[in-house]
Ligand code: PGA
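First comes one chain, alone, set out as structure tokens in the form predicted on its own.
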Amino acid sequence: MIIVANWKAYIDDFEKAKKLFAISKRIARASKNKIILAIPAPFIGAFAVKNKTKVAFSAQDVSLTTGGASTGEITAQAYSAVGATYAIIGHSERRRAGDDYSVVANKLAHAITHGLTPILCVGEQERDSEGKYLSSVREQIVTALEPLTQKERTEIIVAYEPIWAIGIDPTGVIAPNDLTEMVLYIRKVLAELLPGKSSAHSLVLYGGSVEQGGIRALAANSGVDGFLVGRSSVDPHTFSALVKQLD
């Protein structure tokens, strides 16, 4: 299993960040799961260069620009230079901030060009009885991957992030059967976009109020390859318990 710990902006104190990073390394050493830390940009530069563990690092986003006169922007190349090997692209919070389909597609391309493995976030606003939410997820995947070459498309990790499930009681998140349906559907869409049988090797993660209480059931039979974890990843006890559920 892959577990992406998205710290978001919860941690903004360097001493707290160091302690949480040390704990995350211990969790990774004791686990068979792959741990990827998506931490604030300044901390990647501080931690990744001297990192000797199996913990990997991800950008939480990359700039739309590739460099030049763009004050405040952090390019995919800059993230790669300090040790990041992944990049979250199209997270629902970035889409709300204005990242439309074109922006997401361009950021995806920038990440790949500079050696970052993109974690493409997709997900519907709400579920409807007519199944229109499936079309929404399909459109997000297709518009992001179509501009890429077939080889580049094989490098994408898809994180299914239903927006309606974020921030709600974890006992009422997505049902395992519904997640199974979405994983199969996402793989079907990828099969149409990827060459040959390469889609069989594509990784699909789940991220939607991931908590330790329900993660084992979601992982058991859904076919999901891992999880994108938000708030729970910055609480050491909760994150450790969550990872243990998947060992």
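Quick note: we count residues from 1 along the sequence shown, nothing fancier. On a predicted model such as this, the values are computed, not experimentally measured, just so you know.
Another form exists, predicted in complex with this ligand; not displayed. Remarks below refer to it.
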Notebook entry, point to check: Given that the partner is absent here, does K8 sit within 4.5 Å of this ligand in the predicted bound form, heavy atoms only?
Noted result: yes
Margin query: Would you classify L205 as touching this ligand in the predicted bound form, given a 4.5 Å non-hydrogen atom cut-off?
Written below: no
Margin query: How about H91 - does it come within 4.5 Å of this ligand in the predicted bound form, if we only consider non-hydrogen atoms?
Written below: yes
Next item on the list: Please check if S209 has a heavy atom lying within 4.5 Å of any heavy atom of this ligand in the predicted bound form.
Entry: yes
Margin query: If contact means a heavy atom within 4.5 Å, which one of 72 to 80, 128 to 136, 91 to 99, 112 to 120 is the stretch that engages this ligand in the predicted bound form?
Written below: 91 to 99
Item checked: in the predicted bound form, the residue from A165, I156, V104, I141 that sits within 4.5 Å of this ligand by heavy atoms -> A165
Check: in the predicted bound form, which residues of 219 to 247 put a heavy atom within 4.5 Å of this ligand?
Finding: L228, V229, G230, R231
